[in-house]
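A single chain comes next, written as structure tokens; it is the form predicted alone.
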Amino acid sequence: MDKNPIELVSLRKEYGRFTAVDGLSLGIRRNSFTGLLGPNGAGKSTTLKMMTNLIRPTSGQVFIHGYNVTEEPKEALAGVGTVIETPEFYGYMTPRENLRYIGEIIGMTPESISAQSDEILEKVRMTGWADKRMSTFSKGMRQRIAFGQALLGDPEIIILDEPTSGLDPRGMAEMRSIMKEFRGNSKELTVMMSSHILHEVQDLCDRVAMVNCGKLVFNDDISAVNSMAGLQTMVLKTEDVSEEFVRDRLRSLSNVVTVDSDGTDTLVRFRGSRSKLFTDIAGLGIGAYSLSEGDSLETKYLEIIKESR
């Protein structure tokens, strides 16, 4: 079996007395799309900056294609496209000029730059703006160009730091659509993307790694999270009834496996027919007024983050 193209080994970053990343070890599988998920301040951006040699770890190592990023950055980061934090561009340049500028920096030939630029601009849906000054662009348009910039040179690995951060709903939807389409057409590509947006990771990624307080708290396939060992999840809201009474009544149902409550909603995991669950709950007399499908990733995320505090 091939080695993982990215390996984080006991990665740690301290700022004085504050520990931003705390002994993080994580392997990123080849040809996977991994979402690095966690609340604000969990250490996601710090981790990606150490992976791309923008900051040095206090201890631990990052290996990309077997090369130590700190000791051999040129070799490690060859063939890696990145978008870290908010992209900045020279406003007087056009997207085509920007791609040519970056292509020259990474050592591409003029012919390759020209051929790839047209292809990339089409992929990120910016062909019509290829020769317009970027000072006139919205944040979403600049984000698309940043993603396109990361595609230059046909990288084998792409690292993205919250690529939809700060965009309006339309801009977020456009970026996700572009990334999903690109991912679907790229079989030999490893992507790692940080985010704190659950449904973004659910929509784009096939694996998820969760971090909290700088520590890795979960790492598995999205499908494993979604299946939840074959269970379905529903969120129940009830009138002003004792939580203990609601839990006891729900646990008496044959198809209910677990019941949890956060004081506002009751989370019910069950097997079998959803319509049967509806009928059974209606007959319990617990004042149920809302029953909606739960998000498995959200459920797992909230459980894990709560446990790791």
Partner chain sequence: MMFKLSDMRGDAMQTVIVARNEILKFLRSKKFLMFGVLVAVLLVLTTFLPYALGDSISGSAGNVFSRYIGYASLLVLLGATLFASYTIVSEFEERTALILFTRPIRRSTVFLGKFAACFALTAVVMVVYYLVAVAVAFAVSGSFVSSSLSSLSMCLAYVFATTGVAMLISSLMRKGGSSAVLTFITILLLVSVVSAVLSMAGTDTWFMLDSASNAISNSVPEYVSGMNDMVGEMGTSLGVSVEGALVETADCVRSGGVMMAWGAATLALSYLVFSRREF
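On a predicted model such as this, the values are computed, not experimentally measured, just so you know. The term rigid core refers to the maximal set of C-alpha atoms that superpose within 1.5 Å between the two forms. Numbering follows the first chain given and starts at 1.
What comes next is about the form predicted together with its partner chain, which is not displayed.
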* Asked: Tell me, which of Phe182, Trp129, Phe89, Phe137 has a heavy atom within 4.5 angstroms of its partner chain in the model of the complex?
  -> Phe89
* Structure fact -> Checking Glu200, Glu174, Glu97, Glu156 against its partner chain in the model of the complex, the residue with a non-hydrogen atom inside 4.5 angstroms turns out to be Glu97
* Tell me whether Lys49, Leu54 and Met93, taken together, all sit within 4.5 Å of its partner chain in the model of the complex, counting heavy atoms only. => yes
* its partner chain contact at Thr233 in the model of the complex, heavy atom, 4.5 Å -> no
* Ala115: touches its partner chain in the model of the complex, heavy atom cutoff 4.5 angstroms -> no
* Asked: Looking at the partner-bound form in the model of the complex, is Ala224 within 4.5 Å of its partner chain by any heavy atom?
  -> no
* Any of the heavy atoms of Val217 lying within 4.5 Å of its partner chain in the model of the complex? -> no
* **Stretch from 162-170, 235-243, 72-80, 202-210 whose residues place a heavy atom within 4.5 Å of its partner chain in the model of the complex** => 72-80
* Residues in 93-115 with any heavy atom within 4.5 Å of its partner chain in the model of the complex -> Met93, Glu97, Tyr101, Ile102, Glu104, Ile105, Ile106
* Superpose the two forms on their rigid core, then report whether the C-alpha of Ser135 is displaced by 2 angstroms or more between this form and the one not shown. => yes
* Is_shifted Pro73 between this form and the one not shown (CA, 2 Å cut-off, rigid core) -> no
